[in-house]
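In the block that follows, a single chain appears as structure tokens, in the form predicted on its own.
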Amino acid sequence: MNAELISVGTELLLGEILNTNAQFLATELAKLGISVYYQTTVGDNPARLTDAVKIALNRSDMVILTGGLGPTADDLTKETVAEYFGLKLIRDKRSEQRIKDYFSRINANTVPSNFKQADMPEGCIILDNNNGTAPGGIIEKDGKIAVFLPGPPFEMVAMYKEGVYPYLSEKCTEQLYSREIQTFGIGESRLEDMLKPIMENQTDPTIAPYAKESGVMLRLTTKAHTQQEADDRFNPVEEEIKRIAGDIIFGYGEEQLQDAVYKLLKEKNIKIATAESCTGGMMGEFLTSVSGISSYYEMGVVTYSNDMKEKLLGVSHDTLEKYGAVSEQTAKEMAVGVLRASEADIGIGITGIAGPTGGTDEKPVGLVYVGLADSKGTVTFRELRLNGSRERIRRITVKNALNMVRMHIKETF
């Protein structure tokens, strides 16, 4: 089955609203093995909307429309779809009562135009809106399917999950299953070259690399009847990828580096503390985005000035004078200082030049040092030379620091 998406709303054409509905639906339909070859955005204009519906249903098995189901005169989506199929609009009493109940719950008065939303194409499957007033619907006629859903994303997503997905899943005996493998510290071309023996000979599941910030996501994809059937295909391929790629793999699906670090901290029952300069507490922010990290993250300090590096962390005045704040020596002493202050198992010190000003020929913008000290007596560092905006340099620094922690825990604890 193939489908087309039509997003209705002049505000979308003007760029006033980001079209997250199309992104969500395309992703969800792909999971069902339904191909989306076209996406159209059209304003609140009946003639252009009529043309869009005719074109879509002429070349696709199904069209899903979002938006244009409201109570105002320019909300004409279901009217247009009903006209295409030659169907009358009939007042649905149940939907009318749900609209009355909705306004009663929020202690608001209705106006006659509110009930326009209860006028539905004759014979359509009505989709309840549990988060708003406009019901959606499904029309199946003459070998074609039209689905119309409300525009507000929180209403549309819920309605799709509650009504459209069950309807479509019955029609799709095979679904598209994916497994995403997250890597860090390697480029797309380099990883693809490493995995060439697998990728050249693998047709099911397919393996596709996607470049991410400072890493690559590998997506394994197959069509199968069940998740177990898909897993049986994924598992041997994943094992071969792990054999080749090794520790550059840090997680799966939506996992981030901070999630991987948290798992290792918990597994080893060790704690971490951070001292940051150029990243301004961003590493602490990344870590504290993970639920449960409070048991393993002892403290985080931001020591931007040299004075605070000395007073709070015990960085030597001579070190700062001789090597400067941006140096491997300072990064290591920051790590040792925060380790000592916190009595954690791992201390991290970050110092650098995030830009866009402050760089010199000797120490350019993007020069960063990450120091690491641990309770076993290890004191080490990593030098980074990054480019991009100030925000990007800070963010990539934190990701490298997290990966440094991840690898150190795996190798040392």
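In this text, residue numbers run from 1 along the sequence as written. Owing to the predicted nature of the structure, the values given are computational and were not obtained by experimental measurement.
Absent from the display: the form predicted together with a further copy of the same chain. The rest refers to it.
- With the partner omitted from this view, the residue of 165, 304, 252, 115 that lies near a further copy of the same chain in the predicted complex is 304 [heavy atom within 4.5 Å].
- 281 is the sole member of 153, 123, 187, 281 with a non-hydrogen atom lying within 4.5 angstroms of a further copy of the same chain in the predicted complex.
- In the predicted complex, a further copy of the same chain sits beyond 4.5 Å of every heavy atom of residue 177.
- Residue contact with a further copy of the same chain in the predicted complex: residue 83 places no heavy atom within 4.5 Å of it.
- Residue contact with a further copy of the same chain in the predicted complex: residue 400 places no heavy atom within 4.5 Å of it.
- Within this chain, residue 196 is remote from the site of a further copy of the same chain in the predicted complex, having no heavy atom within 4.5 Å.
- Only one segment in the set 345-353, 367-375, 64-72, 25-33 has residues whose heavy atoms sit within 4.5 Å of a further copy of the same chain in the predicted complex; it is 25-33.
- Counting a residue when any of its non-hydrogen atoms is within 4.5 Å of a further copy of the same chain in the predicted complex, the hits in 1-31 run 12, 13, 14, 15, 16, 17, 18, 19, 20, 23, 26, 27, 30.
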